[in-house]
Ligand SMILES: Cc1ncc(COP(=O)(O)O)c(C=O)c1O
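Before any questions on binding or motion, here is one chain by itself as structure tokens, the form predicted alone.
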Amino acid sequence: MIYLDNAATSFPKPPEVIKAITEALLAPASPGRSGHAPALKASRIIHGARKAIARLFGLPDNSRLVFTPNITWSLNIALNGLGLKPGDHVLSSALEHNSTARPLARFQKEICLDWEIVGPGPDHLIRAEDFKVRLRPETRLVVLNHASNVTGSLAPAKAIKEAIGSTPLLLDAAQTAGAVPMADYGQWADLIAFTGHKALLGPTGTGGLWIKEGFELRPIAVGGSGSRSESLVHPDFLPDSLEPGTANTHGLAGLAAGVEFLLKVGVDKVRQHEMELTQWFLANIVDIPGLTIIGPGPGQESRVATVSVVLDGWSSSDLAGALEKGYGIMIRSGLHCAPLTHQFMGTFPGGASRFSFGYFNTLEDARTAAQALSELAQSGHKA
């Protein structure tokens, strides 16, 4: 198997991740719920995960880091917790995932939110000045997909934050946390949402949200917290206020191990390796007859290791099936939960075929994928 679907979930996981999950599953306790040794050990696992993520993002206060089941929950906590009101103006890019697009569309319908979409330029890249010129007195929030899970284009998040000034920025780091160096993001970002199962190399069912001091989010769920159990009023301090219920201890143990692995290897090294594979792949498929690259082409550095293509005569699903059956290559086809992006790129409703490289992929994987595309392009298949 050649696994090129790392934008969906990374594979393989480092052995340290599997070991950490297994050991945590053997601990007979729930964190923060008892005072015996196993419960304290479980609490230390959660604290260790918080510390590791804080190092990755350069967070000044890890108590403002909230763990969630996934980044969709993280984004919903942020968008619902901010208390958006009728007439508020929100800017987002045209490259948003449904995890932000659907909540914003819901607010647009239910409370008449003024949601404005900013498209990329002809080179498929998002620009800071395009957000700055659209700011209004009633602009409440800017939502930004740090890197598109379709085109692979990387947005200049820090430049956008500088351009919008005091307007809050909610950053969707699903495709960049662990793949792009972000060690200073905690110094300037307002809200950072991330998932654990992609480039952070952790298991599914893990994610989180960083909340800069000065932002108070209304909880969208309340319940058990392990603190202030004497009161029917949910705790109002972080992280307890936004972490109701029992934590995913074994999942967060695996996430912590994945992040520690990345910190040891170095995110710079991860990015260099993934970009070498991506640029080689792009350079060797760009001239395949009938093939169109959806997003930044060879040589453009403002991207991540995700490449989507359309091949004449092939539906995206047929192409993915042929790659798996004939070459053992696993990719993702379709709309990638990002219909806005495909509408903007002209690939809606058919979608595209997406190749996404990870740290454990090799140049041989890229060669095999490029050769497979070349052969399938010559096969004369018609969907």
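Residue numbers here begin at 1 and follow the sequence given. Worth saying up front: this structure is predicted, and the values here are computed from it rather than measured.
As for the form predicted in complex with the named molecule, it is not shown, yet the points below apply to it.
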Does any heavy atom of Asn149 come within 4.5 Å of a heavy atom of the named molecule in the model of the complex? yes
Examine Thr72 and determine whether its closest non-hydrogen atom to the named molecule in the model of the complex is within 4.5 angstroms. yes
Within 4.5 Å, heavy atoms only: does Leu4 come near the named molecule in the model of the complex? no
Although the partner isn't part of this model, could you tell me whether Gln175 comes within 4.5 Å of the named molecule in the model of the complex, counting any heavy atom of the residue? yes
Site test, Ser93, His124 and Ser153 vs the named molecule in the model of the complex, non-hydrogen atom cutoff 4.5 Å: no
Only one of 190 to 198, 101 to 109, 257 to 265, 211 to 219 has residues with a heavy atom within 4.5 Å of the named molecule in the model of the complex, and that stretch is 190 to 198
Just to confirm, with a 4.5 Å cut-off on non-hydrogen atoms, which of Arg140, His273, His97, His250 contacts the named molecule in the model of the complex? His97
